[in-house]
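Given as structure tokens, the chain that follows is alone and in the form predicted on its own.
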Amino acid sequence: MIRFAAALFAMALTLTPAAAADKMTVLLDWFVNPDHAPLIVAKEKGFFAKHGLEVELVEPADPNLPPKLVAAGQGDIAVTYQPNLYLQIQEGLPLTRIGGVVDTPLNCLVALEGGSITSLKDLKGKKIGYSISGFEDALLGMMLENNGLKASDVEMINVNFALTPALMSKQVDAVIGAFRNFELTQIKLAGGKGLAFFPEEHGVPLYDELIYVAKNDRVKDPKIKKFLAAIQEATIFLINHPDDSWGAFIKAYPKLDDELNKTAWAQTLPRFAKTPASLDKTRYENFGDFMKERGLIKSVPDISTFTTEIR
């Protein structure tokens, strides 16, 4: 009789439907690329599913829209940039930084090795290509001042997003806004060799290149905590098993199986936040001070109004 009851119990468990996963939408900052490796690995290797989540990753039609859409309740999480978050807060968007994706700067200034520029002091009188004014101007201005130059010592030329072609064709002498994990490889594949100068080595305080933000009134949603737990597990897996993770990435996005993305994948690995839910408050305060000093924001927002640490 006892054996019969146990069999019925086991049968009941088998027939009980699995709990439905909680659905989430994550709006990316750009088309899928190796910067999004923790998200792709969490989805493809089952870390989101393990935490009861079904996550949809959405590429933006306009890179400026994801934070605005999340602020409007049209998405659970957006991937954006730490510098941009201060501007979004100043605009009044109800956003909170909930975690980190890439916790070092990727932005840098690049010249061609073997040319007339061997140090930042050599930039005097040179043409600098850029894609987006504002933050990149501030970065360059700080780097120049740190080396005894002024912004007026260089000529800024908008090359749109053609940084590498502009540099390789010698339309400009250097470019600001190049990502160290992409443009340097692009230059190499085009037959050149890039010489990079890193903002954090020339007076610019450290910052997170990519972060996760959510609407203020959704920060305490239990799904957010599950999401960050899955991302942390995926990041550790990614670092411990880079080849396996790369295989999952190109299986999901076969069009990205090329030398540029494979090299970027390896170069981005050490830059991912190992504990994405952690927050370095001092670092965010220091960068807020930098944004104000460079005239990008009118006042430094209280750190508690736009960041949180979900435990």
Partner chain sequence: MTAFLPASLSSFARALITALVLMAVWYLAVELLQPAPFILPGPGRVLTALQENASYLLANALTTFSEILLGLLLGTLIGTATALLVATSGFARRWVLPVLVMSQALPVFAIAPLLVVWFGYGLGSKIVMTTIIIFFPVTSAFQDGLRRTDEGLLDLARLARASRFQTLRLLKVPYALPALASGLRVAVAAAPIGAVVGEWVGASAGLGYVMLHANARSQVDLVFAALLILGLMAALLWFTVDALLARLIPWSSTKS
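Positions refer to the first chain, counted from 1. Note that this is a predicted model, so its numbers are computed, not measured.
Keep in mind that the form predicted in complex with the partner chain is not shown, yet the notes after this line are about it.
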Q: Quick one: from 93, 196, 236, 149, grab the residue that has a heavy atom within 4.5 Å of the partner chain in the model of the complex.
A: 93
Q: Could you check which residue among 206, 142, 157, 112 gets a heavy atom within 4.5 Å of the partner chain in the model of the complex?
A: 157
Q) Does residue 192 make contact with the partner chain in the model of the complex, using a 4.5 Å heavy atom cut-off? A) no
Q) Hey, in the model of the complex, is residue 117 touching the partner chain, heavy atoms inside 4.5 Å? A) no
Q.
in the model of the complex, is there a heavy atom of the partner chain that lies within 4.5 Å of any heavy atom of residue 171, even though the partner is absent here?
A. yes
Q: Please run the contact check for residue 137 against the partner chain in the model of the complex: heavy atoms, 4.5 angstroms, yes or no?
A: yes
**Q.** Site check 88, 133 and 166: each within 4.5 Å of the partner chain in the model of the complex by heavy atom
**A.** yes
Q: From the candidate stretches 27 to 35, 256 to 264, 279 to 287, 60 to 68, select the single one in contact with the partner chain in the model of the complex, where contact means a heavy atom within 4.5 Å.
A: 60 to 68
